[in-house]
Structure formats: C-alpha cells, structure tokens
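The data below hold one chain only, encoded as structure tokens and taken in the form predicted on its own.
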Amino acid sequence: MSQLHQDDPQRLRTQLEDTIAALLAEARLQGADAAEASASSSTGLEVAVRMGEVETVEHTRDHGLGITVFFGQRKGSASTSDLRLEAVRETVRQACTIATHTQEDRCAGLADAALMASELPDLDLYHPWSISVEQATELALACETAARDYDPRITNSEGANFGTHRSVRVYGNSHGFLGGYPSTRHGFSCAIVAQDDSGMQRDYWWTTARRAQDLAAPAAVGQRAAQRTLARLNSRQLGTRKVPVLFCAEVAAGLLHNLISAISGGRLYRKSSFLLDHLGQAVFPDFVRIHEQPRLQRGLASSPFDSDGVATQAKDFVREGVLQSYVLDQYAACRLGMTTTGNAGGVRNLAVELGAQDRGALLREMDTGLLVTELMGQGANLVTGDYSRGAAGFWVERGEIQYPVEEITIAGNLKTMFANLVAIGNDYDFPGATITGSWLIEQMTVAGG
C-alpha cells in the first residue's frame, strides 16, 4: 500500500476499502468459502501536564487489520499492523492455516446477507481539531490551574491530560458488504489532591465529545474536579446497617452496564447469567425504559453497522420494566437459536429514560441513607447477581447530606436491586456514551471497610 492519507479521510477510507477488497480476494484465491475483515487507521495528540509543567507530549499513529476466514464451518483469524499488500496476503495465509487446525463449529460463519447495512447515513462523527502542541498544552494547563487555584486546601495534583484523536474504520465481507466512516474524539481531564487536618483526598473530572466546541471549558472541568475533591475531606466510616442507597448518575451507569453484560449472548449461551431465560419477564418496575440509539448524531458510540456488518437500529432492551431484547451478535444468536440484534461489538449510546426528579428531590425522597459517588473493585457476580463493592460517598439524613464517608462496602443482589428501584433522576450531567440519572434503590446492606 502507498503512504496512507491521514489528513484526507475520504482518500484514507478509499485506501482501506481497497485493502479490504484485496484481502477478501486473496481469501477466495486460497479457497475460503467466506471471509470478513476490518481495517482501521488513527492518529492523535496527547499532552499531560502536572503541577504547572509539561510531563509528556505524544503523537500517536496506529494501523490495524483483522481477517477471519471460513472453510465450511471451520474458522481462522489473524491480524497485522502492516497494511502493505504482501503483509496482507501473509495475514490471509496465516488465517487460512489456522482454519485447517480448528474444529468445526456449526455457528461459524457470517451474518445473513439480508441483514447487512444497506444505507450508511452520515452520523456527523468527524470533526477534526487542528490544534498545535502549544495550544493543547495551554488547555491542559488551564484545566489544572483552575483546579489548583480553587482553594488553599488543594495541595497537589495528579495532572491534567488533553487528547484529540481521529480515525477511519472500514469493514467488509464476502457478501459484498463494504462500509466505513471517519470519526473524531476530543477531551481533557484533571485529577487533584486536597489536604487538611483530617487527611488527604483525591478526585477528578473530565469532558469528551466528537466536536471541540461541545467540550466543557477547561476551567469548568478543573473547578468541578476541585469541588468533588474538597467535598470528600473529613470522610468517616459507617457501621453495618441496611438503608436506601442513591447511586449518583455516573456511578449508576455501571449498573446499566451490569444489566447489559447479564443479557449479552456470550453469557446466555454459556448459561452464566442471573437473567438467563428472562426475556419477556419483568426485571424492573414498570416506569423503567432502557434503550440504545446507535445512529445518534455525533453520539460517542454511534455507528451505522455493527462489527458483523449488520445494520444497527434503535431498540428497547427494557420497556415498562419488561426485558424486551437480548444483546446478540451473529455467533451468539446462532448458539441461542435466535436472530442477531445488531450488537456485535457492544451496545451503542445506551440510555435510560430520565425521571422527573433532580438529585435534591431524590435525596429528600430517600430521607436517610447513603449517596454513592464512587465504587471500587469488581464485585458483581453476573452468574448469581450477587453484588458487593467498595464505595465512597455521603451519609444523608432528613434529605440533606451530613458528611462524606469512605472505606465502606455496599452489598445486595442485582436482580433484587433492579426490582426494587424506587426512582431514576433527571440529573444526567456527565460526559460519555451512556445516559442516565441517579438511581434510588430501596435497600442495601452497608458495612464499614
């Protein structure tokens, strides 16, 4: 392949499409019955500063190509970061060799040709930012400075980071499907340390978007990090008790991802999910709707097709509390005797329908309990639903925050937690590809660390 045209997304897309076409042709020459491949190329700039000084400046440039071939129901896969034609051919040969040594799998193969994306709408994902190293450094420094200058108790910094990235991804298969699109992502973050007589605390904040103009201001990010950190000073522990728990919005997003993992095809056909065979059953109260919007304009997870080439579409996973859909790629769907849901590669722009109450109203409804603002550890057992996580946050009485708490554990069972969801707030205020407000759970066990 000739030099990649990194600064021209259309020419770069054409180059990658040509590479995929050559790869698929080579797979046919080597006897494959079917094949699929994806190629990507990305560039970026990352700047890290700490305590007012530049720590690192990194220019990134990455390329990758993956090929999967099928000989009947035998499958072989290989990948390379070298996009030269001879390297592509060698990668195909490696995949074909691997296929000859694998066992037959009745579900090995491409998704149905009729399911391929026939239209590739422009989702407004590409907004390159021509920013110099000096300008990027100024933004990172402005973010950290706003945090450090916010209060005398801000005594140290873990630094601020700026990043801008652009990429082109192309996928094709032997059904004749060939599609791709460019995208960008920009953002910065800040993590700082506060200290007083009670000790030290750390917290952070961030912003990310497809377009530079959609980012929060550097000073606002730094100040938010400072406010979050200062609020944690004078933290206490709690004794063991059973109380209502309010998960703040950015932490509640993790509960959504627990749900998605539990209804994902791999867990279901392996029978390792606490929501096995729950399709069509009530999982949440009837006010809950959880859905995805894969073709959302400028969405951070938007795509017109999934990793199998299947057209993406908006869908409800939960409607009126009832589980409506699993999360399936072609292989998992085949193993379950179902049809792919267009979710190869995951869920795109997951959202829960927001409620009518802000966080203050949810605190008042909770009256006495725990507001969780941070979780630690990997304490969700998706086979049984058992849930136990290290946590930090705030103790609440009479609907008002009383003091910060840390080194505690919260425990329950996800199935019970979902069923006992009291309310979802309208306080969605964090960046990312998941939209949710805070979640108020009727009761959980809270214990000291």
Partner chain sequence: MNDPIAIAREQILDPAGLSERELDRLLGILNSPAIDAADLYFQHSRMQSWMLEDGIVKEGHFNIEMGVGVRAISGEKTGFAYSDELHFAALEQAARTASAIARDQRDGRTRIARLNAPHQLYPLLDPIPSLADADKIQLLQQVDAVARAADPRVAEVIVSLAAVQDIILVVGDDGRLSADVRPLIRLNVNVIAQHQDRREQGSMGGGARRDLHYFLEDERAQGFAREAVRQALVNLEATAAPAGHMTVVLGNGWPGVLLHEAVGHGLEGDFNRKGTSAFSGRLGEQVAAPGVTVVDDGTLPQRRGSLNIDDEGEPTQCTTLIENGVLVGYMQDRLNARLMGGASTGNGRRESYAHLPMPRMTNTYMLAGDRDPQEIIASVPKGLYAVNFGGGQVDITSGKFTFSASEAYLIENGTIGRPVKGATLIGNGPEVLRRVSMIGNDLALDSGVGSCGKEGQSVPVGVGQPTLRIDGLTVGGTDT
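All figures in this text were calculated on a predicted structure; none of them were measured in a lab. Numbering follows the first chain given and starts at 1.
Another form exists, predicted together with its partner chain; not displayed. Remarks below refer to it.
This chain is drawn without its partner chain; in the predicted complex, the residue among R319, R298, K242, R89 with a heavy atom within 4.5 Å of it is K242. For the candidate set M200, A212, L279, A311, a heavy atom within 4.5 Å of its partner chain in the predicted complex is found for exactly one residue, namely M200. Proximity to its partner chain in the predicted complex holds for all of Q237, S272 and T409, with the criterion being a heavy atom within 4.5 Å. Looking at A391, you'd find a heavy atom of it within 4.5 angstroms of its partner chain in the predicted complex.
When its partner chain is considered in the predicted complex, R335 lines it closely, a heavy atom lying within 4.5 Å. Contact annotation: P121 falls outside 4.5 Å of its partner chain in the predicted complex, judged by heavy atom distances.
Within 4.5 Å of some heavy atom of its partner chain in the predicted complex lies at least one heavy atom of N381. Stretch-level contact analysis of 77-85, 249-257, 121-129, 300-308 against its partner chain in the predicted complex, using heavy atoms and a 4.5 Å limit, identifies 77-85. Shown without its partner, the chain has R50, E53, V54, E55, T56, V57, E58, H59, T60, R61, D62 in segment 45-62 as residues with a non-hydrogen atom within 4.5 angstroms of its partner chain in the predicted complex.
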